[in-house]
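We begin with a single chain expressed as structure tokens, specifically the form predicted alone.
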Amino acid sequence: MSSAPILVVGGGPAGLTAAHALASVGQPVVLVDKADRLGGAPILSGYAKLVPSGEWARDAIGGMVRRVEQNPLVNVHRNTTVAAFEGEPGRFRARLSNGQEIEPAAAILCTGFTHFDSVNKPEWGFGTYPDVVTTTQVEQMLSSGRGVHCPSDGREPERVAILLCVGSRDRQIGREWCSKICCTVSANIAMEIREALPRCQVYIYYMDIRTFGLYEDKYYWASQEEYRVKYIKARIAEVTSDGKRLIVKGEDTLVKRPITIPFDLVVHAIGMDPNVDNVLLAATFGVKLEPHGHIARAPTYSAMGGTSRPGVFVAGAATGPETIDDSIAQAQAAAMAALAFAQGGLARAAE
């Protein structure tokens, strides 16, 4: 096993998995994260129950954090970024923002995503009306134990609208991709609201439903048949207020007629944007971005998680919208690919 560490950038689910997988086979790891604590979006954004396991994020991801922090082969640097990354395979050099310099055998970018900012969709009321919130804010309500409520006055809502594809599949604001997990997360949130507030009516406004794969039964059908969540195929025009309640205006695209319904709480199902640091990351590590700004992934037919630069790998939502489970699987594969590469690179360097 190489004594040179493998550099893992990002301490979310993918980064934690890659670090743990490498350390489990005796490979030293340097794990760098710009935040003051590990866990990525599920911890920093206060996620509630994860899809599809139903485990609380603080327990599931918190456990991943603890096993990495307690592993002597993982050297963790919080509040730290990679300031420079140079050299060739077997002779990489990296300088961290805290002044440390290392010579990693390879690097794995697990730098995740940025939540879409609903301020960029002002016609749907976010930033204008306090009771227009995001799915992330509802997750925080659930995970904090406060329960779902209207931020304006703290009351429990009697009617909730969840608007899908906010910051996804929208060419007008430059978001042409599907964020993959929003439909399923929204159905899960709708069921949690109905379970906590049985008298609350929950509506989901959608263009298309993409509860892909095995999620269809557990979330889409269960939310309708067991929890009585109502689905409306619609094109939303605007979210306004009559002074007492929020008003969602749009067109029911199945019956081709205008539809206007009052709500107490409107929830934006926000999409997954590229990490705001991707341009800087691409310049630092010498890797390419795909057209939308995510880190470009090399073809996977020879090795998982490659980028445009040999020796630099990538996993999880850094490459585009991704589920936590798939991010974990990709990180396992990228860790093994990086380990194999590191061993070959060190052999080449010794020649």
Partner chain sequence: MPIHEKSLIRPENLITHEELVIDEVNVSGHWSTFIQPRVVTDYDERLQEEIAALPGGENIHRCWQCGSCTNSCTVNAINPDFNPRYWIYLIRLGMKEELVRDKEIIWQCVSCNKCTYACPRDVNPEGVMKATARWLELKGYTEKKPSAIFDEEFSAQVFAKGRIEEGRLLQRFFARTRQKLLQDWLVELARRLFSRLPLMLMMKLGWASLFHPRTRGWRKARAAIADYVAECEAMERQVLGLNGKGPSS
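Residue numbers count along the first chain shown, from 1. On a predicted model such as this, the values are computed, not experimentally measured, just so you know.
A second form of this protein, the form predicted together with its partner chain, is not displayed here; the remarks below concern that form.
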message: With a cut-off of 4.5 Å between heavy atoms, is Leu254 one of the residues that contacts its partner chain in the predicted bound form?
response: yes
- prompt: Would Arg194 sit within 4.5 Å of its partner chain in the predicted bound form, counting heavy atoms only?
  reply: no
- prompt: Any chance Val148 has a heavy atom within 4.5 Å of its partner chain in the predicted bound form?
  reply: no
- prompt: Is Arg235 one of the residues lying within 4.5 Å of its partner chain in the predicted bound form, judged by heavy atom distances?
  reply: yes
- prompt: Of these, 254-262, 70-78, 183-191, 196-204, which stretch puts a heavy atom within 4.5 angstroms of its partner chain in the predicted bound form?
  reply: 254-262
Asp277, Asp170, Glu216, Glu156 - the one with a heavy atom within 4.5 Å of its partner chain in the predicted bound form: Asp170
